[in-house]
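Next comes just one chain, in structure tokens: the form predicted alone.
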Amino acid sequence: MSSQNYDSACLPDLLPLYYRRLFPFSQYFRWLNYGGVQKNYFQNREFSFTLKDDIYVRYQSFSTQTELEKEMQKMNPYKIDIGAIYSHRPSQHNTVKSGTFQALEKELVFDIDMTDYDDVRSCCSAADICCKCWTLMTIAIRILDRALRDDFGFQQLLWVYSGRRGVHCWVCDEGARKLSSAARSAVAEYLSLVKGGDDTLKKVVLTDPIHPFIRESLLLVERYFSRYALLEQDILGRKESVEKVLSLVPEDILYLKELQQVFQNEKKPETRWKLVKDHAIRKQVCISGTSKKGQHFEKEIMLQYCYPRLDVNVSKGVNHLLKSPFSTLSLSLLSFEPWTGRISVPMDLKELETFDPFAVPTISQICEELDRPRSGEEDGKSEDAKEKENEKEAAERRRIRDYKRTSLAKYVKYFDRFLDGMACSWKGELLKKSDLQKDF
């Protein structure tokens, strides 16, 4: 079966191989155990599994990595979701006194989904994505990563491609994991600029003075706006798109009619955008009294077309589940939308500009790669040489994890690098605990 022509009907055959030989259990446990700093942290974590025939199983929990491995290899989940750390073992939630089973902690998470940008992209819609609109995910990651690090001081950010049409961010700092629902809502609201549903025409409204966070975000948006909005989406080229942009220009601007007339003669999108900015400058110069409405309209347009669109509900709930890294399925099996088959993988922000979601391996691809003979193994060897080589290869395969022979290897490497960074903070906490225990 070609790795590009995967079929979800083959999952029952592929998943046992994936969980037996390819899933990075060691790194996965290392992440969610957080160095063992806090007692029962991994044991009280909720996992949920989506099984064959869309059977959804919640409140799974495990004592050890070995127990997790055995259960996942037994159940072969089509999709894995990660939930909160609870006051009791989630698997025993039915046995504890009513009201005492509480979600205590979880990573601060963010979910950015391409479907929320349908009103500002013309290349695709719904679940479809392409290299043109993927720029929106790049912008979202750049803006949110900077803000979470610089404005809030978080350091341990794990960015994950969902495997389908968006990205997730797991903020793993201890302070982030302990945030209350109210605090999570506050962070999410601070980061949210695009407001309103399908019926809202103008979704970004700026006030004066512009907040430093918004100014920093605008610097990042400006780097991508011309390429994404003017060239790839042609927002000032097609008639319906031009009308939409001009509808975002405040009606009280005296130059609007003039702008519309100039557009009749000037067809180049880049020149048209320069004219819009020039009119915005004239608006700011001519503004008088307290009538400041619309003075930043060109910035509002840029943000409406490019700023990250967050699902605040995902971020604010401590007990909200989110798809796990290295999970294989992105949607309900009963959905009529196409399944990509791509693995949900960690991302390296050093390579963000060249990240290609279509190059992320599918489960069928890595299973094929696992059993593919290495180049040159079969050519020009005697039977004795081949036998010795097979013995050598067998020994090597025992030493090296199977995933290193597949396209999954580089994404596990990204995950390892992230975990090594987190380990420094774990060691510090363990030393503190050790010193406290010695303090009589």
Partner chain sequence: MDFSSGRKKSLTNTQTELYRHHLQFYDQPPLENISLGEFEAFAVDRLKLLKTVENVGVSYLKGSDQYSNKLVSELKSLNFPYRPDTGPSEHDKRRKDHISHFILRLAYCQTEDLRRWFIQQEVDLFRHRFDELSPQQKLELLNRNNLQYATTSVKEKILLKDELLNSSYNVSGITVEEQDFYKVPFQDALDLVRARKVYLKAGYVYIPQKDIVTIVLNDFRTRLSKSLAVSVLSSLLFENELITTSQKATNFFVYGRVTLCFPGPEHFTVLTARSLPAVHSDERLQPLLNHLSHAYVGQDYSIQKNVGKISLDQIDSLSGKSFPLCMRQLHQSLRENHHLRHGGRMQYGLFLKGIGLSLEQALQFWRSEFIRGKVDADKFDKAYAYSVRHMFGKEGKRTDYTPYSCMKVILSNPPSQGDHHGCPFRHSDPELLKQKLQFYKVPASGISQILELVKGMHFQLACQKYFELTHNIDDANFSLNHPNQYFIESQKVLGGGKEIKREVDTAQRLQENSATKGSAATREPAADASKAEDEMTEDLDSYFQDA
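These numbers were taken from a predicted model, which means no experiment stands behind them. Numbering follows the first chain given and starts at 1.
There is another form of this protein, the form predicted in complex with its partner chain, and it is not shown here; the text below is about that form.
The listed set S226, T115, Q73, S185 contains one residue whose heavy atoms approach its partner chain in the predicted complex to within 4.5 Å, identified as S185. This chain appears without its partner; in the predicted complex, the one residue of C133, A84, I214, L322 with a heavy atom within 4.5 Å of its partner chain is I214. Taking the partner from elsewhere, E189 is found to have a heavy atom lying within 4.5 Å of its partner chain in the predicted complex.
Within this chain, Y78 is remote from the site of its partner chain in the predicted complex, having no heavy atom within 4.5 Å. Within this chain, I210 lines the site of its partner chain in the predicted complex, having a heavy atom no more than 4.5 Å away. Shown alone here, D151 lies within 4.5 Å of its partner chain in the predicted complex, counting heavy atoms only.
The stretch from 119-127, 174-182, 349-357, 92-100 that comes within 4.5 Å of its partner chain in the predicted complex, counting heavy atoms only, is 174-182.
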